[in-house]
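Single chain ahead, by itself, as structure tokens, in the form predicted on its own.
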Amino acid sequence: MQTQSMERMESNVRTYSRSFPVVFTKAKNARLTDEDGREYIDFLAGAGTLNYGHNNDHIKQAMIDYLATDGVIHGLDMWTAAKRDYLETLEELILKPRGLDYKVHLPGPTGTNAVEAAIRLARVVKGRHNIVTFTNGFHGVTMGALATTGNRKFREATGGIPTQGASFLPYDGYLGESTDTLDYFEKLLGDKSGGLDVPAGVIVETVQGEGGINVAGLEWLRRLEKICHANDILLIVDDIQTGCGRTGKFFSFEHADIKPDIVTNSKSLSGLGLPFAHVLMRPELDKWKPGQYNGTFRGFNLAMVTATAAMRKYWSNDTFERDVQRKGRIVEERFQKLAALLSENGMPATERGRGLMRGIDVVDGDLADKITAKAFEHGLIIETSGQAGEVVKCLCPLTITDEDLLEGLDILEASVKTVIGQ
């Protein structure tokens, strides 16, 4: 297996190739194949970018058919048939059935583009600079998004330039189960000497992915929405990793029955791994002047085609989301058993998550690394998250077969038992 040229030429910033040091050549649904012909079950799925699996036949065919007609691939923000199909399908299959009325901003192809646009829009609308964000949150690494990202690893990589414009508050559960952290937020908002500049917006993940699969309670989310409304603050839900079905609903905030003012989506939005992002906003918030926020690749029509195909295939009814929830319960049960096994052997562990976004917190990052490394040796690709990499995280494709799901879980269980000496 030849990796020398890549090791020589690619920057030290690379990460996943260090954990999975093989050369992959093919991928299908929940399996990757390396150049030696070995197959691996994929519980990473592009860090949540491949919710519909690798090379999804239906979505890929839509792309091939579009390319065969010389359809517009790049069109800046000009109107195209592909864009019309995307917007109309989004409205009819996703927004209207959920009682949502949003305008769509196409800011550029990545999640951090969407976050930058969302927080800047909040500032434009409210005329205030501050954005409230939460401990362990991850919203991107461009400068505006980085200011709302908690992990010190990313914040220290600015060359000494300070990040500005955000205030961190404790996420749900950060101070223990008995403490409602929104009491602190409400207290600060009511105290002119509390030191908190009244924010233009609050940005939140309903489940923190990079932060360690930290799950916000549904009542906590509902209370957060009420606090924002009562204080003329915009609620921004970052649904970049949690959206497109990952938690068992198209939007993760559906579980709490809230309606954010602004929503960011990316990762699995294109349905095929193509870079694509949008910002959804209540119509009255669309205060942009023409061209005030732009980007060369905001008109990636190929991604609109595949996104449209994904919505039509999987979101015309509730069959897909019910299947995701069913699979989520399988992973939840198996992860709970593994957490109990670890705890019984003197290694405290807990399971958490929502839908097919689940993790086992083993407390110790070195232990988590040993488990995932052993899993890779046996043909399972799975990563860690959390401030010290202490959470073993499952982000398998939502389309994974039951057979691959169970085999992957078996590999993980065997890996845990090997690491703890059973």
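Residue numbers run from 1 along the displayed sequence. Model, not experiment: these values are computed from the prediction.
Below, we turn to the form predicted together with a further copy of the same chain, even though it does not appear here.
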- Query: Taking 4.5 angstroms as the cut-off for heavy atoms, does Gly328 touch a further copy of the same chain in the predicted bound form?
  - Reply: no
- Any of the heavy atoms of Thr401 lying within 4.5 Å of a further copy of the same chain in the predicted bound form? no
- Query: Would Ala47 count as a contact of a further copy of the same chain in the predicted bound form, using a 4.5 angstroms cut-off between non-hydrogen atoms?
  - Reply: yes
- Message: Ser316 versus a further copy of the same chain, in the predicted bound form: is there a non-hydrogen atom within 4.5 Å?
- Response: no
- Query: Which listed residue (Ile94, Met347, Ile227, Leu87) meets the criterion of a heavy atom within 4.5 Å of a further copy of the same chain in the predicted bound form?
  - Reply: Leu87
- Note on the structure: Exactly one of Lys259, Arg312, Lys103, Arg98 comes within 4.5 Å of a further copy of the same chain in the predicted bound form through a heavy atom, and that residue is Lys103
- Task: Work out which of the listed stretches, 291 to 299, 338 to 346, 250 to 258, 217 to 225, brings a heavy atom within 4.5 angstroms of a further copy of the same chain in the predicted bound form.
- Result: 291 to 299
- Query: Since the partner is left out here, which residues of 143 to 166 would have a heavy atom within 4.5 Å of a further copy of the same chain in the predicted bound form?
  - Reply: Met143, Gly144, Leu146, Gly150, Asn151, Arg152, Lys153, Phe154, Arg155, Glu156, Ala157, Thr158, Gly159, Gly160, Ile161, Pro162, Gln164, Gly165
